[in-house]
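The chain below stands alone and is given as structure tokens, in the form predicted alone.
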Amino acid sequence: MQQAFFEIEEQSRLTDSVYRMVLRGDTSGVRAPGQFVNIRIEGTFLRRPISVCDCEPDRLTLIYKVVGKGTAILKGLPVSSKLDILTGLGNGYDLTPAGNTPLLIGGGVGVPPLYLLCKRLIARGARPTVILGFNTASEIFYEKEFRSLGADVTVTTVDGSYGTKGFVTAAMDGIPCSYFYTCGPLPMLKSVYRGTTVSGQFSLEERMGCGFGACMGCTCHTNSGDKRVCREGPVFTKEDLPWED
């Protein structure tokens, strides 16, 4: 964990409720895709955890959905505002077992951390396939960005208004997959768990108090006992999770 001050370089709206924020500052604390940051927002008691979408030596890209007071304040901050941020939180994705044809599966605001993962996998010579799931066409974001990396991208919408109709699992059949990585809402993650025959990694989401393991508020049950999502997670392997039933 590292505390740093960042300056807002860009604020842009991707959908009606999803925003992209580009920050300039010291990103050396971010070691792996799938990690998150914790942002101090004036007027709120707890910091707000947001996963890292992209990371360069002096630039951090975050994508967040406005769901409450804290994120509403965040979207209203002008360019050049300064933010107090804890970086390098949590354990990110492990690229070692990816193989040549990893499958990346993201749902809604679970999409952003897969972008940096996709970049890193391609840099290692892998050929990732990406499935992005949304409820409807108006909620889609970052399809073009993933394609620009060179990934094979499929988009699903629950209502069929764009791409493949249905949930992400509707697009998984027949895709060659050496390993998988996924992030999204819990029902989606459990469907991916049941619908895959190879191993993979899941990024879980829980309400967090401190964000670095002190309060125990984000504890979840695993096959090796109770774990803190903010500290031992948010990424767990398929073998870690007790979702067989």
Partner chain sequence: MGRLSVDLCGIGLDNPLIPASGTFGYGYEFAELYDINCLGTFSFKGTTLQPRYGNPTPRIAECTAGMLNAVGLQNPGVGRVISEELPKLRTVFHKPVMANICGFSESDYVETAQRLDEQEGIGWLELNISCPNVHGGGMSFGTDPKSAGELTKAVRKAVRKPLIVKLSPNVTSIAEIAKACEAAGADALSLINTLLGLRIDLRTRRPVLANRTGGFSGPAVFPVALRMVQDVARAVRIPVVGMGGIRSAEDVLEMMMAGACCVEIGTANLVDPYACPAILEQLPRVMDTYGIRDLREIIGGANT
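As the structure is a prediction and not an experimental result, all values here were calculated from the model. Numbering follows the first chain given and starts at 1.
This next part talks about the form predicted together with the partner chain, which is not shown.
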(message) Within 4.5 angstroms, counting heavy atoms, which one of the listed stretches 177-185, 52-60, 204-212, 22-30 is next to the partner chain in the predicted bound form?
(response) 204-212
(message) So the partner chain isn't shown here. In the predicted bound form, which residue out of 116, 86, 153, 74 has a non-hydrogen atom within 4.5 Å of it?
(response) 86
(message) Within 4.5 Å of the partner chain in the predicted bound form - does that hold for a heavy atom of every one of 169, 238 and 241?
(response) no
(request) Spell out, yes or no, whether the shortest heavy atom distance between residue 13 and the partner chain in the predicted bound form is within 4.5 Å. (result) no
(message) Does any part of residue 40 reach within 4.5 Å of the partner chain in the predicted bound form? Heavy atoms only, please.
(response) yes
(message) Residue-level contact is defined here as any heavy atom of the residue lying within 4.5 Å of the partner chain in the predicted bound form; does residue 67 satisfy this criterion?
(response) yes
(message) Within 4.5 Å, heavy atoms only: does residue 217 come near the partner chain in the predicted bound form?
(response) yes
(request) Heavy atoms within 4.5 Å of the partner chain in the predicted bound form is the criterion; list the residues of 38-53 that meet it. (result) 40, 44, 45, 46, 47, 48
